[in-house]
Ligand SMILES: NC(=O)c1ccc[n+]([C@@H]2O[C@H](COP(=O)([O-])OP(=O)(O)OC[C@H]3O[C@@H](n4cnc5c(N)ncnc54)[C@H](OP(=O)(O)O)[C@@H]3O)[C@@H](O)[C@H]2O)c1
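Just one chain follows, in the form predicted on its own, and it is written as structure tokens.
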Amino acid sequence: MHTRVLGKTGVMVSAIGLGAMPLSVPDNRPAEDQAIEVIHHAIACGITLIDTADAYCLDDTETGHNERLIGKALRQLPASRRDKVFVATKGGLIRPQRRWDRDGSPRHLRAACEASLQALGVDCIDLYQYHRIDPAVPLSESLGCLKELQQQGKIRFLGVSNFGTADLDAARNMADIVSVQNEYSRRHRLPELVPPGQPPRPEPDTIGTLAYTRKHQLAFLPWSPLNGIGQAKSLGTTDAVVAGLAAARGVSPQQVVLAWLLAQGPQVIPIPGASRKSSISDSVKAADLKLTAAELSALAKI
């Protein structure tokens, strides 16, 4: 597996990560033993970056479900293999009655971080990401809390998720931010567009964040890189350009899309979700797929 540097940290992680969310959300959620097998398979395939969140669960009665799966899976590995895995988690969303609500208060984030440490079974979280801005709480309070937790040795690196360029400017003035996780896929192309010369549109407005991360040496972790849960399998029928290139190359449409994302810059580290070992085996091959200039030009058209 090829590796990439996580922003300015100097830490090398696999060029393709594992988005663990499908192992815990309602649709086709696998049994625990099967989920752990999927995590072990990802690591065996060379994946060293696993992305999770405390909100990846059915509802707030089982907050941390996904983190506990990962923690259990890692504890079953020899220390020599476990220590090579870099886990990124998130806090700031809550799941009352299966809703996706926000709570960026310092009180909640402190409790969430402590719970994540326990769920993952670690003393320090590799990358802790503020999941989504809570408009009811000043960003300075949310990030100030996370910065304090970092200074206490409970967080190694700080990242953010679902942030626009103006939000990133503000965040970087408050804390040492190393990564941003935004939606980016064939059907969601806002990050690669040039920001308009006008006031920001209502969030989530992630226009221009791809170029922003390249300029400021932040890692860019595209979430839902294959169009979202349950949509990856339809790439071969809904995207004619991808389907044609995949057929010509003798590879899967999913590999073409992931290779296209990787070609958007060395800071890009896709984290495709998976709940089956076969999906992971296919996705990791994208790291070796080099698209030509003509192929990238065809894929660039929106």
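For every residue, the number given is its place in the sequence shown, counted from 1. Since this is a predicted model, take the numbers as computed values, not measurements.
If you look for the form predicted in complex with this ligand, you will not find it shown, but the lines that follow are about it.
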Residue 181: touches this ligand in the predicted bound form, heavy atom cutoff 4.5 angstroms: yes
In the predicted bound form, residue 94 touching this ligand (heavy atom, 4.5 Å): no
Residue 271, heavy atom within 4.5 angstroms of this ligand in the predicted bound form: yes
Interface membership of residue 112, this ligand in the predicted bound form, 4.5 Å heavy atom rule: no
All of 68, 141 and 150 within 4.5 Å of this ligand in the predicted bound form, heavy atom check: no
Contact residue in the predicted bound form, chosen from 77, 166, 229, 193 - any heavy atom within 4.5 Å of this ligand: 229
Candidate stretches 119 to 127, 102 to 110, 154 to 162, 141 to 149, one within 4.5 Å of this ligand in the predicted bound form by heavy atom: 154 to 162
Sequence-ordered list of residues in 74 to 108 near this ligand in the predicted bound form, where near means a heavy atom within 4.5 Å: 90
